[in-house]
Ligand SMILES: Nc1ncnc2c1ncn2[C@@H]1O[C@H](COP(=O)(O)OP(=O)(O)O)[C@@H](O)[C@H]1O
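Okay, here we've got a single chain as structure tokens, the form predicted on its own, with questions on binding and movement later.
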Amino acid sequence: MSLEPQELEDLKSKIGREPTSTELQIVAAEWSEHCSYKSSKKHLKMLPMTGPLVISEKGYDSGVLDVGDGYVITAHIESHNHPSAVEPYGGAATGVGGVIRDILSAGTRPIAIFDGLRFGDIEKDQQARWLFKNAVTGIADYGNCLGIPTIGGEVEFDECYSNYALVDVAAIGFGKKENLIKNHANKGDLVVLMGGSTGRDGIGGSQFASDSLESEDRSAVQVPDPFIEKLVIEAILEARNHNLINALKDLGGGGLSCAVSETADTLGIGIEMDVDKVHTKESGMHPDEIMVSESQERMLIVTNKKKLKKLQEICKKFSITCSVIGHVTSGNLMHVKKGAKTFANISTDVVANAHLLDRPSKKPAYLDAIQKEKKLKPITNLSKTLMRLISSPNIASKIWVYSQYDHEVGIRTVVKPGKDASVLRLDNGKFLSAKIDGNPKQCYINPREGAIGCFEEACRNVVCTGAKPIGMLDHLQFGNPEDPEIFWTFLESLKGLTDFAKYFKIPCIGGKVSLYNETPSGPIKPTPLIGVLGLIDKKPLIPQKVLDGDSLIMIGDTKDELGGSEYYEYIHKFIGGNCPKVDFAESKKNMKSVLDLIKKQLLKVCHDCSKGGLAVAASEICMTNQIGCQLSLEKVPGEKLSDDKKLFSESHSRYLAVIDKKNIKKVEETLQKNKVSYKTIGKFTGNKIQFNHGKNTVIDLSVDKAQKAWVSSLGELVTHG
């Protein structure tokens, strides 16, 4: 039980008496940071959350966007950080299960999963390798068993996550607008719990996730069962088709305590329930345990007496247990009984609305201590440096991860993992592009600009497929919010995301705030993770084979911005420098130009420039197409810089476009018309990756050798250490 002394006094004052043991447990779950967002809720309102495509309804656990022709997509993102740090397989797997049920609760079928993963330094840390390996397996097993493709994500390693894990899972759903659940309830309606049995696993999970991780409380980790989840999905969708659901809620954080209180509060009703009617995994469970258990694969349904029989028939057909645990009452009380005895009788307005905090914030002292720039030891062998970067854990191919996922099941996947963004085919002839991105190194050096950069990078990735960004999800992960310096980094990141979202008119359709991400060795770096959804009306850019003689055009300026870059931190072990900043006007021009070129079908490949800079981005095109390149550094658009800075700067708003030479003139006409900074920097030919400066060859690498290191290094590291 994790109520602060002042919260306990506040509760007593609101209800005018001493709370019962069960009431204390219910309120502690709902008022936990994980469920109530008491530290962040006031500030999240600054994000733009409406737009022409956004559909808002009472009680949705996921965001909804209208994609035309009577269809909608839903999207949500969740984390399972603390559980995954303790038990990575089960923690990560149940993270998938939870976000899938959030999609289901709107009445849409889940069609895709994405994961964003963070672990310690796997080159040095055996524990980090173990966590990584098992979290990936948990996600793969759960998604594969459900038959929902895991089609994208990203992975990053940093010492700040030592003995810890950030496991973020996003999901996308699809359905007809007319089938969306319109949450409502009338007095006398029945409250039904369906799905998995309630057990002692996951008890107090939301409180466990709302504090620093200092103990391995395995009882707080839920046990996954994807086979029940699959049956729950099908049963809910069939019940939806028969119009049997008045209201629907996933049982996630806080279990029954939160599902019942939030449903009642949102709909302005009361609910009376009997814990004896809850189907349990074991006998003798106390009402307190039943109310705060976070056992998985459970949904709460409000239906009526006429519809109950058909609902029960559907559950029986899918071999799912469903129990009528209560009914809707007038007023706003959450009345929890065991038989005739009352264990809790408390206003849902009190339970579901924790006192919101206005925490103090101040600029962290470490930011003033970070060196803006320093003269680094010159590197003579840049070929060797590029090889080191290509095979480094943060840049190496993530094929070891996504090859474990079934990313083709469901036959919607048009562009698979491993590209800039993944693309799904929709039933109305349109396509949905999606990507998630994060960059804790840059967010540590400059929380505001770093967060904007994550947002813009995710936008660039979907733009590279020909999609216009239509919505975003944010997952804001920070340390202890009670520390004013950490809370300042949270606010700065949020302000940056808000500025970018408003300028580009990209609404935030959902998200998650995860705080108290700390271990005994200290807080994690600020880690906002941004998901962007893009819509393609006609045809996505599916990368074509790059052939001898094809040209490479670079769009966007390269600047002296290597703060937080892989080159500075991985090669030079230097934390500092100028964090890349997004020029909003330049970003918009470049995005529009790339979309124009794709629409005119003038590009063979479009790839964004991010981690590792130009050198890595160009090498990735060469390695995936098994062809060499000859590129001229003096032609790179932007500031006059040293060769290593041109190669490894991570400036934003940059794209590499591969063009058949017959289309060069048309491409240049479009770019000139849009007043975009660009240059043809070279061509593809031979079997070597070559960067030249005048007559001097600065980098000379065999494509085969580079590709072998890029593809195999991560898997070898995980398997053999």
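Residue positions are given as counts along the sequence shown, with the first one as 1. All values reported here derive from a predicted model rather than from experimental measurement.
Unshown form predicted in complex with the named molecule; subsequent notes refer to it.
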Next item on the list: Find the only residue in Val192, Ile236, Val401, Ile390 having a heavy atom within 4.5 Å of the named molecule in the predicted bound form.
Entry: Val401
Check: Though the named molecule is not shown, can you say which of Asn461, Asn590, Thr558, Thr263 has a heavy atom within 4.5 Å of it in the predicted bound form?
Finding: Asn461
Item checked: Contact segment among 153-161, 503-511, 443-451, 639-647, judged by heavy atoms lying within 4.5 Å of the named molecule in the predicted bound form -> 153-161
Next item on the list: May I ask you to state whether Lys435 is within 4.5 Å of the named molecule in the predicted bound form, using heavy atom distances?
Entry: yes
Note to self: Can you work out whether Tyr405 and the named molecule are in contact in the predicted bound form, taking contact to mean some heavy atom pair no more than 4.5 Å apart?
What the structure shows: yes
Next item on the list: Could you confirm whether Leu552 comes within 4.5 Å of the named molecule in the predicted bound form, counting heavy atoms only?
Entry: no
Next item on the list: With heavy atoms only and a cut-off of 4.5 Å, decide whether Leu117 touches the named molecule in the predicted bound form.
Entry: yes
Note to self: With the partner left out here, which residues of 596-613 have a non-hydrogen atom within 4.5 Å of the named molecule in the predicted bound form?
What the structure shows: Asp608, Ser610
